[in-house]
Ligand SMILES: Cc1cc2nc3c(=O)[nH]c(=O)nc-3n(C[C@H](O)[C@H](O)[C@H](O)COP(=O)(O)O)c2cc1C
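Presented as structure tokens, the chain that follows is alone, the form predicted alone.
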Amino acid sequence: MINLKTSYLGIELSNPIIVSSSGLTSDIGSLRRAQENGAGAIVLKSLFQEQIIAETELIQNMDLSGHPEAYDLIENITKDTTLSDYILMIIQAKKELKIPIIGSINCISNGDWVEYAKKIEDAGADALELNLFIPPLFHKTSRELEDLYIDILTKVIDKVSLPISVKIGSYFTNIYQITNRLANAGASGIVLFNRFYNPDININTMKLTYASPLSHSDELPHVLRWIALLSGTVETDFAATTGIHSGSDVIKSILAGASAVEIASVIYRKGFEFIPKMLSDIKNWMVDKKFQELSQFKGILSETELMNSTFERFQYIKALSETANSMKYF
């Protein structure tokens, strides 16, 4: 019997495929479809820090003194706001679904908004993913920028007892240092890597446009390199995201050391109904390789297991090899 179970953030998942934070996870109907098609867990569409602040300021600026109906007023006003809708969706999802539900907050600084992480916990979320991207600022050093990441995580951890994962991009001077610091600060997991919308330029209109927001499989190797380099060294769970479009891509991520993967682009292209195909392909590969459980091959191609600098030096070895071959023609 093939067992696809995995442990991520201390939570047992029926399989490693998580539907990542996106428009695909913004309503209860889509969450049901994700579960029906075999997703191991769901990360809800991110609640943005700016949305939380806007609602907080609305309530704080109200003069409620001398009004016995104050709390009813607050309840009626917040009922139609984003945060309240988000909380209600978590409550409904936990009531209707059996798979883990992970809340998500997209944040760029610490502040009073972290108090609302507790509301996500109280609503019943199984974990919380902090989607962090602090734009590089010319007046801050790399260390100062990293400190902001740690500060946000620490303040949220102080407010909740939920396991917390941190989703980051790859724009760091030293990815090992930031992931290790996040793990030491209490992150139960780290998601590599956030895929940012990239700009493009229309030369006919001479206006700024946007490149495709959807990822492609050829973006996965960058993720695999870092999962392999970090998974056996940094003491936390890793989830791979960006470029995962098939069961083979999931297998590669597990071999590199990921505990789980997060997918969205492939679902936008092929629908939730493609998840069973991915799971079937993983099972067939495991049968062929005579593996019964994911744990039997998780991380066996990580840098730690290989005990050499394969992942660190691969690009140089390949470049040297190609250069040597090209010299034969001269």
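Values in this document were obtained by computation on a predicted structure and should not be read as measured data. Residue indices: 1-based, along the sequence shown.
Only in words, not in the display: the form predicted in complex with this ligand, which the text now covers.
Visitor: May I ask you to choose, among Ala264, Leu279, Ala34, Leu301, the residue with a heavy atom within 4.5 Å of this ligand in the model of the complex?
Guide: Exactly one residue meets the criterion: Ala264.
Visitor: To test your reading of this chain, name the stretch in 187-195, 142-150, 231-239, 200-208 whose heavy atoms come within 4.5 Å of this ligand in the model of the complex.
Guide: Stretch with heavy atoms near the partner: 187-195.
Visitor: Report yes if any heavy atom of Ser30 sits within 4.5 Å of a heavy atom of this ligand in the model of the complex; otherwise report no.
Guide: No, Ser30 stays farther than 4.5 Å from this ligand in the model of the complex.
Visitor: Using a 4.5 angstroms cut-off on non-hydrogen atoms, would Gly103 count as touching this ligand in the model of the complex?
Guide: Gly103: no contact with this ligand in the model of the complex.
Visitor: Consider Gly257 of the chain shown here, and say whether it contacts this ligand in the model of the complex, taking contact as heavy atoms within 4.5 Å.
Guide: Contact check for Gly257: no, nothing within 4.5 Å of this ligand in the model of the complex.
Visitor: Should Gly23 be counted as a contact of this ligand in the model of the complex, where contact means heavy atoms within 4.5 Å?
Guide: Contact with this ligand, yes.
Visitor: Where, within 208-224, is there a heavy atom within 4.5 Å of this ligand in the model of the complex? Residue list please.
Guide: Residues within 4.5 Å: Pro213, Leu214, Ser215.
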